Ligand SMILES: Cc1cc2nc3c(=O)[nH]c(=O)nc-3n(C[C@H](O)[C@H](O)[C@H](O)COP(=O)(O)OP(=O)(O)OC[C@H]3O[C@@H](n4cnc5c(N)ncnc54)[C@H](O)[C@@H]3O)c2cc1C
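What follows is a single chain, given as structure tokens, in the form predicted alone.
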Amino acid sequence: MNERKPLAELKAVDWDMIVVGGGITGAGVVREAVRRGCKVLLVEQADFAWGTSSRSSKMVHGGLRYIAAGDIRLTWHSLVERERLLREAPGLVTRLGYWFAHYEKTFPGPWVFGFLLSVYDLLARVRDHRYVARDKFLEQMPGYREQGLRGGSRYTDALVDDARLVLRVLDESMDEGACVRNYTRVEAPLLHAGEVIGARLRDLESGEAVDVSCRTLINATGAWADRLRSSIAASKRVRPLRGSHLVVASERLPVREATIFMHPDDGRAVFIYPWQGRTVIGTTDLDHHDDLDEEAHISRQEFDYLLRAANRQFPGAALVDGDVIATFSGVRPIVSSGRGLHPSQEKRDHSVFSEHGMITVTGGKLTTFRQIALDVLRAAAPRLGIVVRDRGEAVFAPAPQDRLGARFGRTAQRIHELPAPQEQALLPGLDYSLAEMRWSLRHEQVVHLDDLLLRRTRIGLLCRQGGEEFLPLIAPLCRDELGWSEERWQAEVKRYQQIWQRFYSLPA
């Protein structure tokens, strides 16, 4: 990824498309547009993946419950894209077993669940599920609740580092000519005769503002979509829903694969799964009424809800507050049905609508970001003079089959070749090195310390107190690569610690 271009340079270009929003949806649109020859600019008002795309449940999945709800088309699209990402991004997207326990006199039983899994596998064109009896299940899930247990069904889906997925898509888009810029806000669309012809951009670090023209403006801001639309449309489409998670040490709740079960309070699905050497418990599903410009954070009610679920399924774990390393919460941009449904009953389909030269896309799933992008381009095609067909191109270019290749794609070898071999070693208890942090500081538009510790790496989610023990090692890198003075470093540390304590720690 290249460094942030000066704002004045953006004004000099007649852009075919300006994409607003640096999450996975915006990244996917840029990727598909630039490979069709469009001049594309993406701007993000915070950091790339700052919103939902760094705080999702980390799952690349088909959505088994969508079959039960009769939404076969969404499940099929999701499974096709799941298999594509597993092929094209090995190591970044990894297949994982999911277990569902069956208990006496509870629904669904093994036969009904097995039928759903047969349909799931058929749509994915894999044969990847089985049922095992009680003892075999407990071998796979030691410590699981035993009373009334009959056995368990296993199927597979996948996990991902969601923020790194966004960064890798953006990086490959920039290799093909796209321009992307974080901490750049769209102040307002520019209108002529009632039609959008550009946008006023403001650099949130310098305060500088410029007017930039484009043939079409893509509103890919997720939960913020109605805010950008408000200048041209009064109706509201988005229902922000919050999903929260707990991260605990793997030794306190050791799971080799994921388990899905129904919460005893309300029957909602809850997952417990391994991720980057830790165990994650999630997720909730609540209407989010807080300020969208602040990071979402878990409530005490959600915290207790998830802890109670984990302790019921793994009664021997006896988890308490102090076992939780960190929390994270994301806001899903669900397209509201307007019928007052419970949050879990709202559909996860995406919607694309065109209004006076602005194309808004919202809703949808991380897994289907490529399909969503193609639908956006089809809506924009008349203004761009292009024909959009799904030719099945790879999302990612071939990359080295190693840890860095999974995260950084084609540039991984250049990280291996960085001087200072001592920086290549992994940090204690983590799967990150100082070398890759140096690379991110140099090439991935890191503006603040939280960009590095919460999104370029996930140290802030994996370590107590946000990984403050590693700050003395990181300080010299920031001075070398970003030119930070000691005063700037201390200010960044203070900013990061305030963000972590408020949005990623345990609730009061």
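Each residue number is its position in the shown sequence, starting from 1. In this text the structure is predicted, and so the values were computed from the model without any measurement.
Although not depicted, the form predicted together with this ligand is the subject of the following passage.
Taken together, the three residues Thr184, Gly243 and Val331 all lie with some non-hydrogen atom within 4.5 angstroms of this ligand in the model of the complex. Of the candidate stretches 323 to 331, 381 to 389, 406 to 414, 141 to 149, only 323 to 331 has residues with heavy atoms within 4.5 Å of this ligand in the model of the complex. Taking the partner from the other structure, this ligand in the model of the complex has no heavy atom within 4.5 Å of any heavy atom of Val119. This ligand in the model of the complex comes within 4.5 Å of a heavy atom belonging to Trp224.
Although the partner is absent here, Met59 lies within 4.5 Å of this ligand in the model of the complex, judged by heavy atoms. Residue contact with this ligand in the model of the complex: Gly198 places no heavy atom within 4.5 Å of it. Scanning Arg164, His77, Arg278, Lys365 against this ligand in the model of the complex with a 4.5 Å heavy atom cut-off leaves one residue, Lys365. Note on the partner interface in the model of the complex: the residue among Cys38, Leu462, Leu453, Val43 having a heavy atom within 4.5 angstroms of this ligand is Val43. Shown without its partner, the chain has Val20, Gly21, Gly22, Gly23 in segment 9 to 23 as residues with a non-hydrogen atom within 4.5 angstroms of this ligand in the model of the complex.
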